[in-house]
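Taking the form predicted on its own, here's one chain by itself in structure tokens.
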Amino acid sequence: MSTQPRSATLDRLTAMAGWLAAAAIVAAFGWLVFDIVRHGASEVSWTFLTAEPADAGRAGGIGTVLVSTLLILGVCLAIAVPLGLGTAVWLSEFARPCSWRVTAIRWSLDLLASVPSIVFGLFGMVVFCQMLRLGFSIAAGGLTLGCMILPLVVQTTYAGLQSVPNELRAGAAALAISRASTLRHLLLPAALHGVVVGVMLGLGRAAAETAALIFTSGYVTRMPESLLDSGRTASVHIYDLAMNVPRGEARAYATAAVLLLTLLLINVAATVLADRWLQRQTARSFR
């Protein structure tokens, strides 16, 4: 009889600890957003979003910075998503779990995920800027970021595929459905939210990266005409305004607010598109 009140007390304490942890996370995020909005909202305007930076960023806007940021993120995702998705699919569905190839790839991914971003920056400068002769360019920055977030995309996509029940695979095999069809029509739709989470986490890390881009994409604030032009991302612009430009803190906060809102919109759009795609796939399967 004495064990029941003790178990109930333990359950309440566990629930309270969970609520406190969740409240601490929400409070930290709320404080961060409030601080950014409080210091930077007054600087945000249509001119700020469309004009080129002037007077070292103290005047003008961030139009060219936003364009460079989106181009670099586009190159990054174009490299990381296909390679990450293909690697995760091979590891989960085709490779032998205990083979030396799988072990080597898993170790390599773990090591890559722990490499500091400044090391990726030096790697990108040597390989992409010098060896491949891309120079300080959007392409070099995007390729560097693609290498940086690749382990995150692979691991989260792999975890999403592993969370799919094996009954789906067994049922498809019993019906003589090919692995490719099983992967396309059953496994990937079931693991789609894991894939989206991995891409969004990688996108957030790429958008916030500064050290690697200083060595690869450069500081130039003019409008890029191609992927071989140099470009400054929003994170590099924030760093430069906060650290190198006197009286640039307000513009740094404003740029941070725009970057945070952009990532939020991309996240919401990706989630909505994934849900709609799943709904269409489900509707087709029941026809």
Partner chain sequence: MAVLCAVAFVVLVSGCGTEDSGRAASRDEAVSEVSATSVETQSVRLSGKLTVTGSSTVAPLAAEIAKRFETEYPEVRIDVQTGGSSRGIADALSGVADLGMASRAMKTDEEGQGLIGHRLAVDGVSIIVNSENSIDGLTKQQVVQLFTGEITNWSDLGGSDAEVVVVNKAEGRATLEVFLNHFELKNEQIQADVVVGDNQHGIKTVAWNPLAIGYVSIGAAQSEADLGTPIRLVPVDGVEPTAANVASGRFEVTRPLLIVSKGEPVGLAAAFLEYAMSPTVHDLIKAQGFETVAQ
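Note that the coordinates shown come from a computational prediction; the quantities given were computed from them, not determined experimentally. Residue numbers count along the first chain shown, from 1.
The discussion below concerns the form predicted in complex with the partner chain, not included here.
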Which residue, Ala54, Val33, Leu49, Ala27, has a heavy atom that falls within 4.5 Å of the partner chain in the predicted bound form?
Ala54
The partner chain in the predicted bound form: contacted by all of Ala256, Asn267 and Ala270, heavy atom 4.5 Å:
no
Would Asn244 count as touching the partner chain in the predicted bound form under a 4.5 Å heavy atom rule?
yes
Residue contact check: Val37 to the partner chain in the predicted bound form, 4.5 Å heavy atom:
no
Taking heavy atoms and a 4.5 Å cut-off, does Phe215 contact the partner chain in the predicted bound form?
yes
Val220 within 4.5 Å of the partner chain in the predicted bound form, heavy atoms
yes
Given a 4.5 Å cut-off on heavy atoms, tell me which of 65 to 73, 245 to 253, 39 to 47, 258 to 266 is the interface stretch with the partner chain in the predicted bound form.
245 to 253
